[in-house]
Ligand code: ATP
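One chain comes next, on its own, written as structure tokens: the form predicted on its own.
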Amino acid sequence: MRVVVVPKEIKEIAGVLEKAGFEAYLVGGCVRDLLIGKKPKDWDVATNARPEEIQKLFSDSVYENQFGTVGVKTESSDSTLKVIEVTTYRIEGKYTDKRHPDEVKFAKTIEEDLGRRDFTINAFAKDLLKKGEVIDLYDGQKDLENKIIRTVGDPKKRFCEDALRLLRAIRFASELGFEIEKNTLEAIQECAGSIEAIAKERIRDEFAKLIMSDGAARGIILLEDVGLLKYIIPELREGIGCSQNKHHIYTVFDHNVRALNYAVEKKYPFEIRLASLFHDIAKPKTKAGDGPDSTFYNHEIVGAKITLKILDRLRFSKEIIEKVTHLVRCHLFYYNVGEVTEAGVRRFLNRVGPENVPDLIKVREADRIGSGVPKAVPYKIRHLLFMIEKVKSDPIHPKMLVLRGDDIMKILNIPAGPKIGQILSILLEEVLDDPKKNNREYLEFRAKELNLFSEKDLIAQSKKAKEKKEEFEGGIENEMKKKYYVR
């Protein structure tokens, strides 16, 4: 097993505390990680020094909470060591709201402090000042060895104190590949509804950690098994038992989870994992018919709306919401060698954005493997990538036209308004068809010509141009979609 050494920054903080007559212990998850030979993501020190005493010893520190935690800044280049949390031993009062202790009292001993912790595998303290021994009052090392998640003390009491621990138990089981002890598991099932008392932001953070764990797919299944999924992402549950058609061997729920698992195995980033999990989330709502010929028309469009609702409810950032929603909306693109033209590829790039293509391909891979096919990247996808490389320097966006909106206003001597946008959209579609037309002489000529159109005719022409954007989703593709029972 790999041996992880306690960093000098931690030892230096412990040394300052000791010199001042105080105790210092590493506590919680960082001790667990050390015991299993894993580098901790953060380091937590517990001490009998009060917050004001800690701040006197460390001038470059921050104390902005009511839980006795002082952030001690270091000059380390390691991001996990830039700020070390040094917390006064404490015991906690009742949790009336199932979220926060009604009061926090400082304790005198490390033993008292360990008694308030959630799981045995997090209730360790490592002596930093003497022999480096590990204090383990609740057989946490035994549970580590047996790969067990167990609460410290009565599980119902622990979960009633802070209902987020329900989700944390699932996350630790998924992250570490552990099983949940019987009484702890039963308590999670009994107390599942308490998760509704937890702030969405706290649920979001814990859920994000689960999705980024190696056991994320198992974690989603565990959430369903213990009754938590219906309180966090009920939309996913609609896929349970929902059969697909003759091109799929798994139910919608199983398919989505398998797609997530592929994204995890490939170490793909967070947004791709979420998009893989949610890409077919709307299939149950859009399903028509049953058996081998059932259809799911427009499930990618409905799915994007559902995904936006879920991520907004969980208070994810605007950037994450937009990225994941876009990937879900665009995941069902069509490409067949010899059928989609270079103009079609340019329109595809215009619609999805060149910067999103690599991620979109990754979601497509997850979709394919989640369907049970053996090959993640078939020849069609490789050919599409070749075509994208071929046309990547061609104009695909209004900003890439040699004639811009302000140019048109000057040339036609007209003010800003919808007409400018309509003319630009028509010009762009012509350039998408033939990049050679992206020259000032031709575009000026066409702009003047379009300016003579009546408002009705210009709107019709603009609408016609927009319809051409859907080559990937129209014409040949619609026929293929009907053939393969998708849309």
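So that there is no doubt, residue numbering starts at 1 and follows the sequence shown. Here the structure is a predicted model, which means the values were calculated and not measured.
There is another form of this protein, the form predicted together with the ligand, and it is not shown here; the text below is about that form.
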Want to guess which of 422-430, 64-72, 28-36, 46-54 is within 4.5 Å of the ligand in the predicted complex, heavy atoms only?
-> 28-36
Among K362, H255, K283, R117, which has at least one heavy atom within 4.5 Å of the ligand in the predicted complex?
-> R117
With the ligand left out of view, choose which of H331, R150, R165, R346 has a non-hydrogen atom within 4.5 angstroms of it in the predicted complex.
-> R165
Partner proximity in the predicted complex: F172 to the ligand, non-hydrogen atom cutoff 4.5 Å = yes
For E441, is any heavy atom within 4.5 Å of the ligand in the predicted complex, or not?
-> no
For N122, is any heavy atom within 4.5 Å of the ligand in the predicted complex, or not?
-> yes
Decide whether K448 counts as a contact residue for the ligand in the predicted complex under a heavy atom distance cut-off of 4.5 Å.
-> no
Does any residue in 38-76 get within 4.5 Å of the ligand in the predicted complex, counting heavy atoms only, and if so which ones?
-> K41, D42, D44
